[in-house]
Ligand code: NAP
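Take a look at this single chain in structure tokens; it is the form predicted on its own.
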């Protein structure tokens, strides 16, 4: 662990965070390097000890550590407390703190569609799902529900946010203005080619937001487009949350257009 910035998760083969943040460091003329640190759950405690020992400046946190990492921190921002999950670790006043930029990453792409979103169903019940629920509440969506293959997890999340839990088997049984996929289904790797939504279930869906960004065109996105449903790519969310992370760590606002072009060119070149 020689770099002052990096990302932890398991697995990490799909992550474009090193590409984005190393580009940001170079274009900003800042020292340092951002690396990928694949971290199995059983090694999380040891990793966090290394973060403190080496005073790692900034850490991105992804599946499955967004909640598991919280007990190892000295505190949380108000936003991370509200969400109950973190995706960003940073130092302030000598303390290692957790923040959540996923909320901003979800709010920004959805804001232009706000008036058309009367109901929303969140697929999944992990850290990203918690951020999605917080974002939807921030946007003032009247009806929010969550569904997960493990019903108990959906029920816990629903209770925490004061929303409704829907059975996974019945998730497509009623109309939804918006569905937000926060599961890894469709992600490059072992989950690629899978979808969290039945292919014939788009008849009463108004908008699909897939937080998976690699590949850009997931099975869920393809099925929705084929059904004539408007879609939002997870690349938009990834870009916004990443720009917010970089500013937390460095105080520098990266140029959004250049960052988006960088990511799109890489994803196209690598078949994403």
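Residue numbers count along the first chain shown, from 1. Note that the structure is predicted; figures quoted are calculated from it, not measured.
Same protein, other form: the form predicted together with this ligand, not shown, and the subject of what follows.
For the marked spot (22, 192 and 264), a heavy atom within 4.5 Å of this ligand in the predicted complex is absent from each of the three residues. By the criterion of a heavy atom within 4.5 Å, residue 110 is excluded from the residues contacting this ligand in the predicted complex.
This ligand is not shown here, but in the predicted complex it comes within 4.5 Å of a heavy atom of residue 238. Remark: residue 34 does not count among the residues lining this ligand in the predicted complex, judged by a heavy atom distance of 4.5 Å or less. In the predicted complex, residue 185 approaches this ligand with a heavy atom inside 4.5 Å. Of the candidates 229, 70, 216, 63, 63 is the one whose heavy atoms come within 4.5 Å of this ligand in the predicted complex; the others do not. Look at 221-229, 35-43, 49-57, 204-212: in the predicted complex, residues with non-hydrogen atoms within 4.5 angstroms of this ligand sit in 204-212.
Of the residues in 101-120, only 102 comes within 4.5 Å of this ligand in the predicted complex through at least one heavy atom.
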